[in-house]
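The chain below stands alone and is given as C-alpha cells, in the form predicted alone.
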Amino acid sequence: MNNYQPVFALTRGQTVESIHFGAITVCDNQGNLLWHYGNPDTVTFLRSTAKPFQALPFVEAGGLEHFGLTARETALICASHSGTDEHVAVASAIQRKAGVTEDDLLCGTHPPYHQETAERLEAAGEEPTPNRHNCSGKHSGMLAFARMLGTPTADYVNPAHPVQQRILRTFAEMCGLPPEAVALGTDGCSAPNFAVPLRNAAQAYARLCDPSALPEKRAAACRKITHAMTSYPEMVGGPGRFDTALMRVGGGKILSKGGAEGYQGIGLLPGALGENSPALGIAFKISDGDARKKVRSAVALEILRQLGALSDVQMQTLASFGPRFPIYNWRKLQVGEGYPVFAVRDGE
C-alpha cells in the first residue's frame, strides 16, 4: 500500500469521513516521467484500459481493410460499451463482415450498462445476449483477427492462441517492455489481461497519441485507432459515460479509456496543452477499485485541470463528473462533499 497516496476525500458535515488512495503517472512517448503522485512503478492490471492495444495488432495487420470495417466499428472494438441497441447493431455488423456470429463470442453475458435498455429488456422478459456485453466489440475484433490469420476461432481467448500472442507482443512493445515482463491474468470477459507499471502504461498511451517514432505501419494503425475513438466516442462508452463525455469535450485532442477496479488511461494528443505541446500519456489507479464509480472520473478531471488540458468552459461542461461533487442522503439532502486532495509532482 506504500505505492498509493491520498487522492480523494469524502466529508460528512465538516469532517473528513473517508479517503481514497491512488497512484498517478504522466509520461511522454519516449517514456520520460514528467509528473507523478504515488509510486509510478506500481504494477497493476489495466483491465479495459488495455482495449486500444488489444485492437492494435489487428488494425496494424490490415484487418480494417480486409473486412471493410468502418471507423465507427473500429471504435466499438476498443470499447466498453453500454449495450444499447445501437451498440448491438454495430457489433453485429462487425461479426457479419468477419464471417462469425454472436454465438462465437466467449465474453459471457451481463445486463446492459445503459439503465433504460436494461429495464426495457427486463420488462419484456428478454435475457441479455453476448452482444450486450460491454466487451462484445473487443471479442468481435479478436474473432475477426483469428479469421484473417486463418487460425481457429473456437478458443481465441486462450493465452497461447496466435491472436493473443500477437496482442501480448504488441502491447509489450507499446509499453517499452519485453513480453515476459508483462504479468498476465484473466479478465472479466475471459480474455487475457495485462499488469505493468503505471509509467509503462502511460508511455503506451503517449505513443498511441503520438506514434511518430514508431514504424510507419504501426504508426498508421495508432492514428486509425485514435481517430476512431475520438470521432465516435459514443461507441467507446455510451450515454452518461465518462469516456464518451470527455472525448466529446476534448474535440479530438483527448483519448480516454477506463478499466475496471478504478483504472484509467488518458492520452493527450499533440497540441492538447497548447500550440506545439507534446503528446502525453496518463495512467492512474484508485487503490480500492472505486466502488462508488465516481472517484475515478473526478480524479481524472483534476489531473487534466492541473495539467491545463481543459478550459473553464470544458470543466463546467463535465462538472457532473467532478472534480468535486456533493454527497446526498436518501432524502436528497446534501450531507457532505467529495474533493481531490493531491498535487501532481515533477518526475524524478
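Predicted model, so just to flag it, every value in this text is computed and none were measured. Quick note: we count residues from 1 along the sequence shown, nothing fancier.
Beyond the structure shown, there is the form predicted together with another copy of the chain, which is absent from this document and is the topic of what follows.
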- Item | Answer range among 276-284, 304-312, 291-299, 24-32 for contact with another copy of the chain, defined in the predicted complex as heavy atoms within 4.5 Å | 291-299
- Item | Non-hydrogen atom within 4.5 angstroms of another copy of the chain in the predicted complex for each of Gly99, Ala245 and Lys253 | no
- Query: Might Pro326 be said to contact another copy of the chain in the predicted complex, defining contact as any heavy atom within 4.5 Å?
  - Reply: no
- Message: Can you tell me whether Arg169 touches another copy of the chain? I mean in the predicted complex, with a 4.5 angstroms heavy atom cut-off.
- Response: no
- Task: Using the partner position in the predicted complex, report whether Glu73 sits within 4.5 Å of another copy of the chain, counting heavy atoms only.
- Result: no
- Query: Looking in the predicted complex, any heavy atom of Glu234 within 4.5 Å of another copy of the chain?
  - Reply: no
- So which of Lys138, His133, Lys257, Arg207 reaches within 4.5 angstroms of another copy of the chain in the predicted complex, heavy atom to heavy atom? His133
- Query: Across 89-116, which residues bring a heavy atom to within 4.5 Å of another copy of the chain in the predicted complex?
  - Reply: Leu106, Cys107, Gly108, Thr109, His110
